[in-house]
Each structure stands twice: as structure tokens, then as C-alpha cells.
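Encoded as C-alpha cells, the following chain is the form predicted on its own, with no partner shown.
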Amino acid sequence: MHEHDVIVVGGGGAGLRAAIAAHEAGADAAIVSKLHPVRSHTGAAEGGINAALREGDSVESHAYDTMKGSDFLGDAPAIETLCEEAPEDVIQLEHWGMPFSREEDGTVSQRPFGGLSFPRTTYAGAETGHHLLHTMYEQVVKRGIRVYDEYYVSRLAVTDEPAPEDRTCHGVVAYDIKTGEVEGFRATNGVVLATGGLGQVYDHTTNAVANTGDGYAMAYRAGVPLEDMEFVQFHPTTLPSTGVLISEAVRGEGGILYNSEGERFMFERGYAGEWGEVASRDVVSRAELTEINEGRGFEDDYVMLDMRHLGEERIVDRLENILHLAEDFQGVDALEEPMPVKPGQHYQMGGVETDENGETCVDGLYAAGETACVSVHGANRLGGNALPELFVFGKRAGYAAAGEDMKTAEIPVGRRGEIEEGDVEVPVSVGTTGGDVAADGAGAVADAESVLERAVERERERRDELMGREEGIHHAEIRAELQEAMTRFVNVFRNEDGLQSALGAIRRARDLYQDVYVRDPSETFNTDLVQTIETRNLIDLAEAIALSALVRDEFRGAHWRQEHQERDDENWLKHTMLSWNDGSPEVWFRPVLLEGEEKTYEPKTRSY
């Protein structure tokens, strides 16, 4: 049994910043991560960090661009917090040694990005996330913060009161990948979930294989609502062969997209008027797929992205990493030829419901980064807004978990404040009806130590059950079917029949999982066991995405519905909420908060 004031689950950008903040607040903080921190997926972020730093730019402009980009589904208190704190935090990163690209006069470079009315994206070549990750990890090492790497957190130790708002999180349970032991980690102050995204729900994704949505799933089953899960971002420029990301920075620097007829279709086909290739990601992704579906793609699969005209000097200075990615993963010399690209799953706008301080409705449980939905991004995230979200809200969650006095949050969490009950008809049973695969919660016990001990015991029972089966179905078969169904039916373009088909495939995956078994009998470094547990999380999250997408019958941001081609502000200016309720998902809604500190954001037609 390990004990610390603050336990941070995940060692990526949000987790590192949360641990640093907790340490700054005087807490004994520790990071528990299934990867070494510098292997976290934050390192794959290429484009940059949005912050209003220059004369001519403003926090207010950044906030409006973000709200517009969100298709007016972002919450104003969260958006304004992000935009107000990003400049100071970028300067802090620079003081910590972040090697930002610079102009000849020494000022930090900023470039245009999709959906921004001002070139406010700071960057470090095309490896911004890599440098950010290493810069913050240095600060963790400097402060002597304990890191338990290669520990896979698979369960939260949460009390079992009927109402989630009455529950308390006392720690986590983790599987030591190196030894095979199941161990408890008690948090005397708080637990911060920062486990990154859930891209492995899909089979074509920019996400790392480790991005299995563990934090979302654990919080969901512990009673924390998931918010706006239907809003999945598909990045318009990924390599067709692998899903590897080709940064929006290419288009920000002036790269162009064209179809098989040689048309610069973003302009010539009227998809984005004067914005062209630097329209928001949802707009560009839909444009590309429309071109492909209407027969103007290459090999009916992709379009071309060309940056040759930028010149070798500029490309090597600002986009060198893109050259390596195109060559290594697609066999293309991007100095001499265009790159094939197509949309791929990239980012989850929805997530674990939190307020501006990272707090969930379960006492002692916080979330930050892509795992959380504070709702900064609403229905669509602007490129360059993910990295500032990591450190702004990672910092705030770390301070709050450590017990710092924070400004009272304006965003309510849990079933508090104004809410609306919802309902949805589905063709199959959803949730764990017909037999649960892993009971969650910690039992009706009161003291923290007993809660944690019970959670450890339950996780050992689950491990032993999975390892004890001599035959059954392997998780890889279940995962492959699930990913194929999600990519086919819950992609950029969606319709009711497809979403219902997805739910049917998810029901099948859930039923098959009842007979899942672990092939590898070893105790040490048993990644087969880890991936089997991860697959359960993917099933729960795929269902949350598909169910939320079926509920929202309008077209907003990244959520396109064939039957509903208009944004419906009268009926749908609200967040889709999903609660677990002992294995039976419940849908409800919460109003969007459009009233900021000094202005109210009135929804307008979103044109690019």
C-alpha cells in the first residue's frame, strides 16, 4: 500500500502539470502511469499552443474564436479561464526552458492556425508536444516528485453511496506491469485523472496504442457523468497507411489541399470561402470526405496536401518533423511531392464532467486534459487549444486536489443546478444488462483504508478470474470488431441506421467479453492482461459515444447527422450528459453557459 497527498493518474502533459502544481501547493504528489512520462502521447502533438501574446491580439479575441469554433457549445467560464491564463502559462514554460521557435529579433514565433482570427499559435518546430513533455518532466525530476511508471491504474477506490454526489474517492488500484502485483495507492487529499484520449475506440486514429480512455471509463463507472461524448474530432490530415498525424501547421504555414482534378477544393468548391485550408477541422474533414465520396479523391481514399512551394529552407526550419513522418510512414519525400492525407480520429471533445478547477461530482476526484470536459471545446476543438488546456487546467486541478483555496467554480457538476431528463430508444439493450464484466465501486464501507483495501481485493479477483480461464475469446478479436464498427458507423458522417448498427455491434462486443480470456500466463510484463482490461474500457466508451450521437438529432460542430442538417439552437443548446447508474446508462442534459464575465456569447451562424 502506497500513500501520498495527491495521486495523479497519467504522466502526459496534464498529469505532469497537475503534479507540479500540487507540489507547488505543498502537497506530497505522485504520478502513477502505465507509461514512462516521456512516452506519453502528448509528445506526438505537433502544431502549437494558442495564447494572446502579441500587440494586436487579445484574450477577448481568443475567447471568441474558441467559442465560435465550439459551435457555441463551449461554456464561457471555462473558455475565458483558458484564454486569460494561457499567456502567463506560456511565459512560465519559456522560463522553464521550453525551446520555442523564434523570430530573428528573438521574440517567440506565432503562426496562423485553423479557425483563428489572429496568428497566435506559438510552437517549437513541428514537435511542440515533444518539447512540452520534456520541459515539464524536467520540472518533475527537479522537484523530486515520485513517479510510479509501468503501473496500470485499473480501478478507483470510491465509496458506494446511492448518489454519486455523496461519494468520495480515496485512491486508486494499479497493476504493477513489471511484477504482476495488484497494489493500492491511497490519496489523502485527491486523485487527478489525466489519462489522455480514447482513440483506440477507432481503427484509424492519430492516437497511440496506449490511448484507451481508462480515466473516462473508471470515472464513468464510479458515478461521474460523461459529457458531450458524441463530439469526436477527426483531423483532416492523417497518413492513409497508419493514421500518423500531419500537423495543421503545414496548412498554417501555407500548405494547400487539392483533389484528383487538380482543384484547390476548399476554395474552388466553396467549402470555406476566404478561410480555405485554415478553416476549422470539422469543416476541412467533411470537405475532404465529400471530395472522396463524390469521386474526386485519389484511389477513392485520400486527397493531396502540398507544401513544396514553401521552399526547403522554410520547411526544414519550421516543419522538419513532417518530412521524417512522410518519408518513414508513407514513403513520400515531401520536398519533392505532395503527401496523401485523409481524415482520422484525433481528439475527444467530450469527457469526464468537471468544473473550472478540475473537480468532479465525486469528492476527492479530479480530471484534466483530454480526459476531462470542462467544456472548453464544445462541439469542435480549434487546433492549438489542446496544449494550453493541458497546462491551464492541469495546473488548476493540481492546486485544487492539493487543497489550495480556489475561486468558486461557476460550472456545476453532477445532478446539481438546472438539468433536463432525457430518453432515447435503442434497438438493443445497452450497458451491462445480462451480466456485468467487472463490478465497480468499493463496497458500503466508510473509512478510507477499508475502501481502498476492498477495491484492491476486487481488482485481484478480476485479475485472477481473467487469468484463470483456459479458453474463450481473445480481446484482440473483440477490439477489432468494435473498432471496425465505430469507424464505419460513427465517423465524420452519421445517420440513424448506422448509429443503431454501431450499438448492435457494441452489444455483441459486450456479450463476447463475458468469455474473454488472457492467453499469456506469465506474471511479469503481461501486456495481454493489460489490453484485456483496456478493451472493457473501450466497449463502455464506444457505447457512450454512439448513444450520445444517436440522442443529438442536430448538426453541430463535429457531429454531422444526415437526417438533421441544421444547427438547432432552440432545442439543442445544451450538453449531452450520460450517467452509468449501476450499469444502465442514463441520458440527461445541462444548459450551455454562454454568459461570460463581461459579455454574453450570442450564437451566430458559423461560417468559415
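Please read these numbers as outputs of a predicted model, since none were measured by experiment. A residue's number is simply how far along the shown sequence it sits, counting from 1.
One more form of this protein, predicted together with a small molecule, exists but is not displayed; see below.
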Q) So which stretch, 496-504, 385-393, 77-85, 520-528, is the one near the small molecule in the predicted bound form (non-hydrogen atoms, 4.5 Å)? A) 385-393
Q) With the partner absent here, would Val191, Val224 and Cys373 each sit within 4.5 Å of the small molecule in the predicted bound form, counting heavy atoms only? A) no
Q.
Exactly one residue in Lys68, His41, His575, His559 has a non-hydrogen atom within 4.5 Å of the small molecule in the predicted bound form; which is it?
A. His41
Q) Given that the small molecule is left out here, which of Phe265, Tyr151, Tyr137, Tyr202 has a heavy atom within 4.5 Å of it in the predicted bound form? A) Tyr151
**Q.** Contact test in the predicted bound form: Ala30 vs the small molecule, heavy atoms, 4.5 Å
**A.** no
Q: Indicate whether Ala14 is a 4.5 Å heavy atom neighbour of the small molecule in the predicted bound form.
A: yes
Q: Would you check, heavy atoms only and a 4.5 Å threshold, whether Val592 touches the small molecule in the predicted bound form?
A: no
(Q) Quick check on Thr195: any heavy atom within 4.5 Å of the small molecule in the predicted bound form? (A) yes
